[in-house]
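A single chain comes next, written as structure tokens; it is the form predicted alone.
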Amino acid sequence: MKEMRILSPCGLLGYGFPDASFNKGLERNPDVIAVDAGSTDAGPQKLGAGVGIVSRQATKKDLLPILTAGQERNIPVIIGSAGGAGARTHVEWSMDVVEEIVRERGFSFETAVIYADVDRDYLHQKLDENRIEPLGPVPDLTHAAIDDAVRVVGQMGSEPIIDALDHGAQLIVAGRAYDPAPFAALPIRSGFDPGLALHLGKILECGALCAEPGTTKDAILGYLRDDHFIVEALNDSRKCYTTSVAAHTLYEKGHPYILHGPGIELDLSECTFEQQTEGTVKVSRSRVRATEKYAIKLEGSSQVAFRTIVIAGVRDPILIENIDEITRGVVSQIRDDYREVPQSDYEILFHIYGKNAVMGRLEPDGKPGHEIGVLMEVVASTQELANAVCATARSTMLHYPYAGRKSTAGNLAFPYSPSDIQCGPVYKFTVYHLVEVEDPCELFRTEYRKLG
């Protein structure tokens, strides 16, 4: 093939996309439709609790035109990081939606379901062999952390997806995957340059975010050729420019031009961006090299606490001026009220919106506005303790005395009743490491199913 066309409907399955953009992409006769369906951006709760990032209704709404196009055009449909966090529970949730559409529409797909869940015994063995290392500034992995994790997934590269294509799968629903992998798999299998395929995949996986104005809720098309690729926005109100595509290449990177993935290092130091037409950009000289050891990213989430919150508003300028002193006083009083409870069993946090809630201690301008929002958060070892401490913190701050106070009716305005919101379990990424493997597919299990 001299050219392969890859259609990306949106930046995350369930985010939505305009019918006109998607249909315009179909008019370009794509060879594959690929879409990313997950991320760690939503935090460890999605993996730990086994829930999705988007709703079932939104997922089905996006899948219907995607599966229809795949069926009618007999082209592969590839979904990566299915269900959000890409564990078995998320993949099965996604498959339930797929199977419902297949039944309703009378479709028929040769389907590959690729699971990314990692066995604990495997991890214990790898840890004993010193073949697991931290990814970034995280503690060394321990056997206890492996056992405590609710779920652990591995981030697959293109190889398991290529294997599924080799087995004739037309629909591939993959668990946790390296973001570019679903987009790069068919091109790499077809002999296109892996560096160009992976770079293009990294751009396409975010939908039209590389265009101006950028968004993840719109479609984008990639044209992959022997020595370059072209990206085209499919909405008449968006255009791809050299600056927008180059800027997106820097998106979510720890290094300006080196990108790490499963078994590879993508080098974009000599990459060039050229404006082809108004709205299309040509990209050349993306390079990839194999790493000395093939390592796969592990993601594991553990339940570590329970949370209760209160949201309140403050408009009293005197209270606002003294908010830091007042919140410290509230915490001090709560510690005294609950002196029988070990302080390690709970934590009281104040997030002051309108002052420094977003940046915290890094906020360069901590001058508060004329009104502030106060988010009181209590994280504790049990839900009962979180509820109790949060209720006491709320009532304490509601009536906390301070110099210059004019009214004693209450310091806080509550937008909701009940004011205390029980959030449930709190999760934390306790496995965020790299595991060295002999075979890129050894962590992953594929099931082949005939749907319809």
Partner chain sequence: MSKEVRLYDLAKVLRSKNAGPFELTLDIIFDDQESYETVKRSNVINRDLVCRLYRVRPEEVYHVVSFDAARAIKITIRRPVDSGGIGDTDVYGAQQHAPLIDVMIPVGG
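Positions refer to the first chain, counted from 1. As the structure is a computational prediction, the values presented were derived from the model and not from experiment.
What comes next is about the form predicted together with the partner chain, which does not appear here.
Contact with the partner chain in the predicted complex, defined as a heavy atom within 4.5 Å, is made by none of Ile318, Val389 and Gly404. Scanning Asp140, Glu252, Asp226, Asp119 against the partner chain in the predicted complex with a 4.5 Å heavy atom cut-off leaves one residue, Glu252. Only one of Val310, Ala169, Val379, Ile372 lies close to the partner chain in the predicted complex, with a heavy atom inside 4.5 Å, and it is Val379.
Among heavy atoms of Ala305, some come within 4.5 Å of the partner chain in the predicted complex. Put simply, Gly43 is close to the partner chain in the predicted complex: some heavy atom of it is within 4.5 Å. Put simply, Gly136 is close to the partner chain in the predicted complex: some heavy atom of it is within 4.5 Å. Although the partner is absent here, Arg131 lies well away from the partner chain in the predicted complex, with no heavy atom inside 4.5 Å.
Of the candidate stretches 416-424, 43-51, 390-398, 56-64, only 43-51 contains residues with a heavy atom within 4.5 Å of the partner chain in the predicted complex. Contact annotation for 111-132: no residue has a non-hydrogen atom within 4.5 angstroms of the partner chain in the predicted complex.
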